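As structure tokens, one chain now follows by itself in the form predicted alone.
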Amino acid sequence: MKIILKTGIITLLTFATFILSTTNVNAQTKSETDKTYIKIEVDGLSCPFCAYGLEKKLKQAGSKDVLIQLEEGEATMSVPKDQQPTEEKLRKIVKDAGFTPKEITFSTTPFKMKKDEK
């Protein structure tokens, strides 16, 4: 009787672990597909202070994960799909921050960072 009880408990715990891990993966995948990834090429970035100013402005567009790469002159960010700013709005934000926006790219997948492409 004790062996059957132990086997049942182990089976139940294994099943519960499987269900919880599958649920977590599905939630993460759904979260990633509900985002729009944006890359903005920017002229005029020359120092960390400049980058910080642009980062603050871009966060006002609804992103919490703005990344500025000074050497590449790029800003990348993600926003929820239902809060995606227009290209015109992004150009205005960059101009108002004192920089010149170049190419703006929207994607459904995250961008690779230049340093990661070695």
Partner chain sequence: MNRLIILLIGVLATTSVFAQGPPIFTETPILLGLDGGGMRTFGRFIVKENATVYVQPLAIPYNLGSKTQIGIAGRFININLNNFESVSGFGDLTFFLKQQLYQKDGKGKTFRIIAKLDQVFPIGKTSSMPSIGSDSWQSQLSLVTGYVTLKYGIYGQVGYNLTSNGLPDNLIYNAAFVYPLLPQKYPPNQLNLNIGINGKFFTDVNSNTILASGGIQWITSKTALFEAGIQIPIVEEVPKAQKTNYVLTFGTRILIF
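Computed from a prediction, not measured in an experiment: that's the story for all the values here. Positions refer to the first chain, counted from 1.
Separately, the form predicted in complex with the partner chain exists; it is not shown, and the next lines address it.
Site residues 43, 50 and 56 are all in contact with the partner chain in the predicted bound form, judged by any heavy atom within 4.5 Å.
Although the partner is absent here, residue 71 is a contact residue: one of its heavy atoms lies within 4.5 angstroms of the partner chain in the predicted bound form. Though the partner is left out of this view, residue 103 does not reach within 4.5 Å of the partner chain in the predicted bound form, counting heavy atoms only.
The partner chain is not drawn, but in the predicted bound form it has a heavy atom within 4.5 Å of residue 98.
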